[in-house]
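One chain is shown next in structure tokens, namely the form predicted on its own.
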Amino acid sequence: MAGVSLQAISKSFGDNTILKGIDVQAHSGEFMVIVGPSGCGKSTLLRIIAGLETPDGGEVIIDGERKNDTDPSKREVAMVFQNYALYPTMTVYENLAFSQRIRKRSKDEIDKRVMESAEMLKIDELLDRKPKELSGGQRQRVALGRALVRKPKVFLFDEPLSNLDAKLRQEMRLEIKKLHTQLNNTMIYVTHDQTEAMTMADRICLMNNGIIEQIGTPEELYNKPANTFVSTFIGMPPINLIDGEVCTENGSAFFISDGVRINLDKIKNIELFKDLDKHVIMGIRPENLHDNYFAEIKDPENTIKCTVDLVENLGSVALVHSHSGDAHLSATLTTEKIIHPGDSLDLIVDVNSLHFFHQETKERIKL
């Protein structure tokens, strides 16, 4: 096992600055997911770790040693690519054995490594086939196996599941996590899919426009997003964000916006708001809005009267899009009651699940 530390990594292509002083550390044995929108620099960062790109500045440290000038083949890392990168004229066995033959290992050692990897990934019955005879999921397993036979200290994954259909992606997510549990190697996984990040990561590094927005566990990014970008990127369906102000009336604090008025007195640290008027952005996740029709205990002060715009039926739940004044609200509701566009809907707000952000900086207000 080996940790990976990136210190002040910068990278530009011509006038286009891709990475702007990145500092991040993947601990030994950790499964870290680097996630972010397309073009944010995450794949470039992974290629810098692998040695396929050279940083303009900063340090790449693997297992405590500086690797900036070390050849990729000697960094003891293995990379799994999005397009599998299999040799089409070689059998599965030959694809798995290729890197070991280049290193001039003995035939017995190569056979042992190939069979161990093939059995672990359940592709031992495919060793005589060529890539064109395999399904997408089988090709991805071979690509994983090719990394596995090298017995690296660090595994790097560059959006390895993006070419698979939804069912296969789910299956391969489980396989990769099982592999991590078995090997306990350091794994760094790049994706633009926040579902993959949330379900696979020990910690998530969320990037945007060449910088890191937040690093933390999936729970930390979901429950305590550092800013509005993190709050909207993590979580599906996305969080509702409403511009408004917090003001006090008769000793009570309220969030007020066009069409929305919420009493905040139930918030634990409400003293941070009292006696101080604040222009803020309020965030409320769709699952924290509840249909007043089913509520055993009503909460009139924290109920928003909405008009339904669109209903997306997802089976056991429906994603209901509505508005109240200028505020647009999406709520994840039970399908026990049929809801149609144009219907009136009373949504109870779970006040202790609210998020607040500064309007100017977009940074989280810590409560």
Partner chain sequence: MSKKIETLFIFSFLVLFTLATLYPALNIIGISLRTDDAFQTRSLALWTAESSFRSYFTLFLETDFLTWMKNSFLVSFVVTLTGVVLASTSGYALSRFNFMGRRAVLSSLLMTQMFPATMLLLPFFILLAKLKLINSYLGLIIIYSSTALPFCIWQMKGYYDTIPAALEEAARMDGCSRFSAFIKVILPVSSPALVITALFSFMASWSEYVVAAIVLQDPELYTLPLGLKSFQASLATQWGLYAAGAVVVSIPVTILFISLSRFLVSGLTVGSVKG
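Numbering follows the first chain given and starts at 1. In this text the structure is predicted, and so the values were computed from the model without any measurement.
The protein also exists as the form predicted in complex with the partner chain; that form is not presented, and the subsequent description refers to it.
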Among Met115, Ala85, Leu183, Ala295, which has at least one heavy atom within 4.5 Å of the partner chain in the predicted bound form?
Ala85
Considering non-hydrogen atoms and a 4.5 Å limit, which listed residue (Gly235, Pro131, Gly216, Pro286) is close to the partner chain in the predicted bound form?
Pro131
Is there any non-hydrogen atom of Met79 lying within 4.5 Å of the partner chain in the predicted bound form?
yes
In the predicted bound form, does Ala166 come within 4.5 Å of the partner chain, counting heavy atoms only?
no
Is His321 close to the partner chain in the predicted bound form, meaning a heavy atom pair under 4.5 Å apart or at it?
no
Exercise: Arg103 in contact with the partner chain in the predicted bound form, heavy atom 4.5 Å:
yes
Partner-proximal stretch of 203-211, 138-146, 188-196, 258-266 relative to the partner chain in the predicted bound form, 4.5 angstroms, heavy atom:
138-146
Taking the partner chain in the predicted bound form and a 4.5 Å non-hydrogen atom cutoff, the residues of 49-79 making contact are Ala50, Leu52, Asp71, Pro72, Ser73, Val77, Ala78, Met79
